[in-house]
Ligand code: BEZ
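Consider the single chain below, provided in structure tokens and representing the form predicted on its own.
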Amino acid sequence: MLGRKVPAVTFRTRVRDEAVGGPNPFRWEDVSSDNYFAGKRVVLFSLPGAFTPTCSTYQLPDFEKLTADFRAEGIDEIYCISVNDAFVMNAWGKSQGLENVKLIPDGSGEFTRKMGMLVAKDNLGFGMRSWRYAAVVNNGVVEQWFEEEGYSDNCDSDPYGVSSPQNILETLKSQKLAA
């Protein structure tokens, strides 16, 4: 993964637009990988699904809380990607009260598949989803990679720790000290 360019994908997003009017003032907007990654150093983290326990209780809220610490380490943006559609991702972001972390809907799993992280989670009734991982991506190129162990279809467990914001932040800080 290291040194590899992230896949070129067009994401179907929903953005608030008051010009739309009505009770649901959102419009479709296509956003490319370049829009998200070009010219920025970002943390990208992926998880099995919006609203799931580990993702909603620890991973996403902790990235949100630690945003200032990541910025101090030279990170411009923090992105969370999941194999969920834009409606689900927007509802999850709203329920989490997000202000800093940006959610990327990978509804068809195209980005996740091209990253080599698409796994079956039929044992949980999820279908195809992302394995839990994170990366530091600099101008579209994977600079650092944090993958949970045990990558497999229908995994009996949901490992979490390697891709935690605390671990990534500690790695960034230790590299800065070593430099």
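The structure displayed is predicted, hence computed values, not measured ones. Residue positions are given as counts along the sequence shown, with the first one as 1.
Omitted from view is the form predicted in complex with the ligand, to which the following refers.
In short, of 142-150, 26-34, 52-60, 108-116 it is 52-60 that has heavy atoms within 4.5 Å of the ligand in the predicted bound form. Taking the partner from the other structure, the ligand in the predicted bound form has no heavy atom within 4.5 Å of any heavy atom of D17. At the 4.5 Å threshold, heavy atoms of L124 reach the ligand in the predicted bound form.
If you take 130-164 and check each residue for a heavy atom within 4.5 Å of the ligand in the predicted bound form, you get R132, D158, in sequence order.
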